[in-house]
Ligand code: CP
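Just the one chain here, the form predicted on its own, laid out as structure tokens.
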């Protein structure tokens, strides 16, 4: 019976027990997400994001007995890892398995693909061939696998233009949509389903891991879009993508919320309801990497970050908030971005957010790739 239902049936605004299946079909008429790419949440409507979050919560509540748990039966999801990960491969493989499918791990360096330095199969050809094998393709490509900022985003969109199956970002140089959705899910679990007017502080933290902009940019995009008051705090020299900042300002205006950038920690932490501390690199990293090599570029970033000792989330800074929850997308650079006391404290939701990657990715795969 469930296999014949449209995915819109899963919208929890429709009380299935009260109204019955036929009523639900009439109440929810939203366009299907089947076949859609997910390169950034900014590409999806608010309604589509809410629908994905609704299904994520359903999967969390009914992890092993949801009616869609067989929607990827005998289907394969390809995972391209230009860069390694701690939780991305694990969560996507688990998600595919729990939906009855298989996630296949691929490293481009083991494949004969054309690049600026080697001959091989073009993106156009590879995308079309792989579309014959799998129901979706995930790509993870960060700064150390590209030569300039935006190149990873360009690659994903090139695959999207040529593949006949959905392309999903598993984190690239500009965006990390799965993480952004997992973050929001965590906030709603702990700070309430209505986050309108709640303040999230997205704050730069010192560290030695030289991190990408993708998680931070996705965070400020989706939260400004969904009506939170977003404060972005960082020291001079750590400006993010100007186009993303412009989108955040437009998002906040549309959502009747606020988006502000500050360079003062007192202003940032004051009255925050959620604190998200994260290191990210300067805009000069890519140019430095090309000129001097990746190791020297990373060394330079670490030396710059070391100048900002105050930029670490501590118990004292958290005391200036509205009893805020602490979050981080991981892996946490402990006692650099945040102290152990805060990261392991009672207001930390780090592990809940990490778990949410599984539920969110199940929802994305079910909605965009699952059998209809």
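A quick note: this is a predicted structure, and the numbers were derived from the prediction, not measured. Positions refer to the first chain, counted from 1.
Just so it is clear, the following notes concern the form predicted together with this ligand, a form of the same protein that is not shown.
Engineer: Are 85, 329 and 357 jointly within 4.5 Å of this ligand in the predicted bound form, each by at least one heavy atom?
Structural biologist: Looking in the predicted bound form, the three residues 85, 329 and 357 all sit within 4.5 Å of this ligand (heavy atoms).
Engineer: At the 4.5 Å heavy atom threshold, is residue 298 in contact with this ligand in the predicted bound form?
Structural biologist: No, residue 298 sits far enough from this ligand in the predicted bound form that none of its heavy atoms falls within 4.5 Å.
Engineer: Answer with yes or no whether residue 277 is in contact with this ligand in the predicted bound form, where contact means some heavy atom within 4.5 Å.
Structural biologist: No.
Engineer: Look up in the predicted bound form whether residue 198 has a non-hydrogen atom within 4.5 angstroms of this ligand, and give yes or no.
Structural biologist: Result no; residue 198 lies far from this ligand in the predicted bound form.
Engineer: Indicate whether residue 140 is a 4.5 Å heavy atom neighbour of this ligand in the predicted bound form.
Structural biologist: Answer yes; at least one heavy atom of residue 140 falls within 4.5 Å of this ligand in the predicted bound form.
Engineer: 212, 202, 169, 179: which sits within 4.5 Å of this ligand in the predicted bound form by any heavy atom?
Structural biologist: Of the listed residues, the single hit is 179.
Engineer: Quick one: find which of 289 to 297, 86 to 94, 156 to 164, 239 to 247 has residues within 4.5 Å of this ligand in the predicted bound form by heavy atom distance.
Structural biologist: Every other range fails; the passing one is 86 to 94.
Engineer: At a 4.5 angstroms cut-off on non-hydrogen atoms, which residues of 40 to 75 are near this ligand in the predicted bound form? List them in order.
Structural biologist: Heavy-atom contacts to this ligand in the predicted bound form: nothing from 40 to 75.
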